[in-house]
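So this first bit is one chain, no partners, the form predicted alone, shown in structure tokens.
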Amino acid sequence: MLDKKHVPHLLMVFPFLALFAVFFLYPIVSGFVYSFYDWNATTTSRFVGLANYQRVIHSRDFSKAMWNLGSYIVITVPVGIAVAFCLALLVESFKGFWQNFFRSIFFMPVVLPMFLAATIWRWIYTPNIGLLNTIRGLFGLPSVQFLNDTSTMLYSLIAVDIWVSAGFNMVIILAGMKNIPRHYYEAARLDGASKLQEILYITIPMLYPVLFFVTTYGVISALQVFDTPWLLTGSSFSQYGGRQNALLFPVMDMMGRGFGELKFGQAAAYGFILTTVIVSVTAVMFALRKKGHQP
């Protein structure tokens, strides 16, 4: 039986629980149900069982999107964290005003609206007159179509994403560095350790929990990449992914099937396939971390 003294507390959290149920739980449950139906929002839905999952998994676009996603994660996450770590080391070497100044400068891309960041980089990548091609022209190098050449499109996207996310990871890593006791470094200097040895044997091991966090967050974010390639390629619901689908990713494909082709059942199935991948990858990462801490 419910204790009367808990009623005021339950009434206080009820608005949150109601909103959580309506805007989070209900969409998840309804989406899972619709993943088993052929539904285009204009006609009566028809139960098709696992057919939507089979159509998604066996489609050529799904294979291309997953290949692009795997290549993107393998490069973006380690390179992005390495860049953020180097920036944190650089900022940490300054004191006072200059440390705050450089920290703010490096963090600025994080707070830029994504459409503005994409606009800046589309100008930088513009053939012939863009910043990069202008610099290449000064050295007599030919113009490159960074966002239309299938051999450069993925790397162009990776550069943008690292530029946007490095500042966030830098702040997290920098905060971790400031929590490392200074006497470790003092003892290392007394033993004649170089700066590189301090980084390898003190900074990195002491930052293991922080590095695990930014790695996990980076992988989960990368698995859901959508807005940057969508904006860089000027995509719409009817045409997306760039030339030869070189920048096609799962979330883009899911949105295109749903709002472009009105195949909401397939889009729902796609979403749950991607959710399964994200949960599985996250579980594996935590399992490896736990195993690594076992004696």
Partner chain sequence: MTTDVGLIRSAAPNYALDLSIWTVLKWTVAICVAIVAVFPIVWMVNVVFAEPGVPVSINPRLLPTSLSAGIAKINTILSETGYLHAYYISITYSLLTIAGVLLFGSMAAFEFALFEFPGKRPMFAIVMLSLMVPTAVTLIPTYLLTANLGWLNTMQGLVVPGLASAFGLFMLIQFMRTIPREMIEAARLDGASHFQIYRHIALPMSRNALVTLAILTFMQTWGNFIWPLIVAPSPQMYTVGQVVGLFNAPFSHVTVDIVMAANLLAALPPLIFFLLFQRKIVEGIAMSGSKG
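Predicted model only: the values in this text are computed from it and were never measured. Residue numbers count along the first chain shown, from 1.
This next part talks about the form predicted together with the partner chain, which is not shown.
A.B. asks: Within 4.5 Å, heavy atoms only, which of Phe102, Tyr208, Tyr185, Tyr201 is in contact with the partner chain in the predicted complex?
C.D. replies: By the 4.5 Å criterion, the partner-contacting residue is Phe102.
A.B. asks: Pick from Val79, Ile120, Val144, Val219: which residue has any heavy atom within 4.5 angstroms of the partner chain in the predicted complex?
C.D. replies: Result of the distance check: Ile120.
A.B. asks: For this chain shown on its own, do Phe62, Leu154 and Ala287 all sit within 4.5 Å of the partner chain in the predicted complex, going by heavy atoms?
C.D. replies: Spot residues vs the partner chain: no contact at all.
A.B. asks: Any of the heavy atoms of Tyr26 lying within 4.5 Å of the partner chain in the predicted complex?
C.D. replies: Yes, Tyr26 lies within 4.5 Å of the partner chain in the predicted complex.
A.B. asks: Verify the contact flag for Ser93: yes if a non-hydrogen atom of it lies within 4.5 Å of a non-hydrogen atom of the partner chain in the predicted complex, no if not.
C.D. replies: Flag for Ser93 set to yes.
A.B. asks: Whether Leu190 contacts the partner chain in the predicted complex should be assessed with a 4.5 Å heavy atom distance threshold; does it?
C.D. replies: Leu190: no contact with the partner chain in the predicted complex.
A.B. asks: Report yes if any heavy atom of Met255 sits within 4.5 Å of a heavy atom of the partner chain in the predicted complex; otherwise report no.
C.D. replies: Yes, Met255 is a contact residue.
A.B. asks: Taking the partner chain as it sits in the predicted complex, which residues of 167-201 have a non-hydrogen atom within 4.5 Å of it? Please list them.
C.D. replies: Those in contact are Phe168, Val171, Ile172, Ala175.
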